[in-house]
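This document opens with one chain alone, in structure tokens, the form predicted alone.
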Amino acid sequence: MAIPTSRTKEPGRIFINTLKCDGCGHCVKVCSDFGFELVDHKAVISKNSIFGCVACGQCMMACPTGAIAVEGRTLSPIQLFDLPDKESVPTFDSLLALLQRRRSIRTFKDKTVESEKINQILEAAQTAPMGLPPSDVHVIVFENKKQVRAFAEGFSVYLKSIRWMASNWFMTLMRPFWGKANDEMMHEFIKPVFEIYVDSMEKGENWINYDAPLAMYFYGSPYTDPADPIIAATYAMLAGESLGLGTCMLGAVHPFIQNGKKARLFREKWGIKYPSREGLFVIFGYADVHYKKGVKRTFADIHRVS
């Protein structure tokens, strides 16, 4: 038995070197699937596993003697690495400074983002936590302004073909079915999106992805935890900021390319393998405007349970 993903449907395989095992019990503590137990001061594979090994690697990473190896579900012991020293980790103040300095940048210098930085962004994004390993996040990378513009032009043509979705007659017909909040969003957001994306592109103005020199689209598969692409995109955005790039999340493209035959054909054209419950574009580039001030944001509500 194993939890399926688009990448694998087999359980991981656990190997225990009993000669190295000192019975510390760390593997028992960290395995959320109850995959281990201690017998005669040695770790053994438990018969009480719920889902079968998902190859999260927690046991292998926590074992102080290297007695545990996990293979399968894209994991192998050769992927282990020593954690960075605590001294190299940013302090809260330095992390907060990075977060506070980040702005949503939509105007960029006519300068290519170096391949090294693209690789660094992807390396950082791959450290993002996931609902279930192996990660089912997929990434499409548009590595230059020409590719970014071509996607925007294609998306504009596609939107034009489904513009009836923002027509008054369709929204009036659907109002009883999708409720007040969706009706307000359709009138106040979706309808203007069609207008600004399609009409502006016909004038040569790209309001879809702003002709950024780099864009990445993070999406999942039917098996993916919906949060996974969003978290990975966030890691990528923060990595870009740390590398001196301006960044911006674009959420309006993804919902339009999920349903229907035309959406499927559009995805296939751009190598997007699956429809996905959640997905996000992030654009990157060297900012053409630099900010001197920030504004303090707030949540809608913070309720502390007593």
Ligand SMILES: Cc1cc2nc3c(=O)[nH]c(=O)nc-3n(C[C@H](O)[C@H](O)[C@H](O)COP(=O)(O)O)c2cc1C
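Don't overthink the numbering: it's just position in the shown sequence, from 1. Every value quoted in this text rests on a predicted model; they were computed, and no experiment measured them.
In what follows, reference is made to the form predicted together with this ligand, a form of this protein that is not presented.
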query: Residue contact check: Tyr197 to this ligand in the predicted bound form, 4.5 Å heavy atom; finding: yes
query: Leu250, heavy atom within 4.5 angstroms of this ligand in the predicted bound form; finding: yes
query: Heavy atom of Arg297 within 4.5 Å of this ligand in the predicted bound form; finding: yes
query: This ligand contact at Arg102 in the predicted bound form, heavy atom, 4.5 Å; finding: yes
query: Whether Ile140, Tyr217 and Arg264 all lie within 4.5 angstroms of this ligand in the predicted bound form by heavy atom; finding: no
query: Contact assignment for this ligand in the predicted bound form, among Arg106, Lys117, Arg149, Lys191, heavy atom within 4.5 Å; finding: Arg106
query: Residue among Cys63, Leu280, Val70, Val54 with a heavy atom within 4.5 Å of this ligand in the predicted bound form; finding: Leu280
query: Stretch from 44-52, 26-34, 251-259, 264-272 whose residues place a heavy atom within 4.5 Å of this ligand in the predicted bound form; finding: 251-259
